[in-house]
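A single chain, nothing else alongside it, follows as structure tokens in the form predicted on its own.
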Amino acid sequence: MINKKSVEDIDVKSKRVLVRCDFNVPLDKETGEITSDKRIVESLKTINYLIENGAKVILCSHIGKTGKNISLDKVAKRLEELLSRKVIFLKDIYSSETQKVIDNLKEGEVVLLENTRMTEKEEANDMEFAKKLASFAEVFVNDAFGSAHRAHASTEGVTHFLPSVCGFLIEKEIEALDKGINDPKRPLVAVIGGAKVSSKISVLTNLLDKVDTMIIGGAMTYTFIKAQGGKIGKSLCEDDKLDVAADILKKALDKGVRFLLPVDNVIAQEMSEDAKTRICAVDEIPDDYMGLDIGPKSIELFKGEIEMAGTVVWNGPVGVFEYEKFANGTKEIALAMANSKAVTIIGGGDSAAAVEKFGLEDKMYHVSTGGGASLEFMEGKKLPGIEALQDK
């Protein structure tokens, strides 16, 4: 069990508190406006707690990739609306004006620093840059779970210079993922989808020691099917990972894990909304077709396992859900989880996007805000942004 100090374990009154948030929100390519403020909303519990307890709040975050130089000005504006109070936006952390504003902050006031990825020093975990960020505050609160798997200046670097604890969002993420994977209500069912076996080798291997049933979906299915001698047409397949797939199948057998692959699928000659589709057995795909979603028999098979589960952990869609024509399998899995009595945990990334698309977020026990971070947690890896925080 991960047991880190949270913001409730320290005295924040009258103190300058640096908070690493995850404001990496999606922006409209044409207008630059925020298209989803979910990540901002998720940060409000920690920010409001600090305001109510008399802290002087200094927020920081990245947005976009290094070199893109995207400003957080729209985030500052949206934060003001959500908090119903002024948010002072500071564009240059090295300016004397910024230092003056921070030195004169009053209890309950909020400032937001400019995008930490405006400089390459952020991702390089440059200690001088980290020290500069830390110099503004007396305490550091990390509440950016989506960046917790990265040792960057604003996530890990600042912890070398300040007492460091987690915010409510990271606390919630740790509790949900840790309980779901390491202390689950059984049977524990994992639904693992996505395109490539190579990107999920570690999570599959780690979960084989923990789950009762493993359900596989998405394009990675075809690497497993080909490893068993099936015909997969022109479906996506990692030929250099056939031995790995065969090894995972053997490990599941040796450990007594129920390992379920689709039995039928939706196939087409091309990936498009106009494509003509057919249903066929998963190991009998014609040469000029590709598998793009799970079929009706697979849906019923997988739903049956989910209905009997005590806990379901899901990472990765089971079809190309971005196209309506190939979204049904992913939608049915999401609905089965939403309607089940199990503890349902969605591991961020595309799975979270799918659940949001189908309007089922509120029906899940926990939807993670961090795709990469939740995946690495499922792999059993230590997350540097969390490891660096003080233990209770």
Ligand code: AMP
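Quick caveat, the model's predicted, so the values are computed rather than measured. From 1 onward, residues are counted along the sequence shown.
One more form of this protein exists, namely the form predicted in complex with the ligand; it is left out here, but the text below deals with it.
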> Which among 106-114, 123-131, 170-178, 196-204 is in contact with the ligand in the model of the complex, heavy atoms within 4.5 angstroms?
Replying inline: 196-204
> Of L236, V244, V257, C280, which one comes within 4.5 Å of the ligand in the model of the complex, counting heavy atoms only?
Replying inline: L236
>> Quick check on this chain: which one of F321, F140, W314, F136 has a heavy atom within 4.5 Å of the ligand in the model of the complex?
In response: F321
>> Please tell me whether the candidate spot formed by C21, C60 and A76 is one where all three residues come within 4.5 Å of the ligand in the model of the complex (heavy atoms).
In response: no
> Can you check whether E42 is within 4.5 Å of the ligand in the model of the complex, heavy atom basis?
Replying inline: no
> Do P262 and the ligand share at least one heavy atom pair within 4.5 Å in the model of the complex?
Replying inline: no
> Hey, in the model of the complex, is Y222 touching the ligand, heavy atoms inside 4.5 Å?
Replying inline: yes
> Would I232 sit within 4.5 Å of the ligand in the model of the complex, counting heavy atoms only?
Replying inline: no
> Going by the ligand in the model of the complex, which residues of 342-366 come within 4.5 Å of it through any heavy atom?
Replying inline: D350
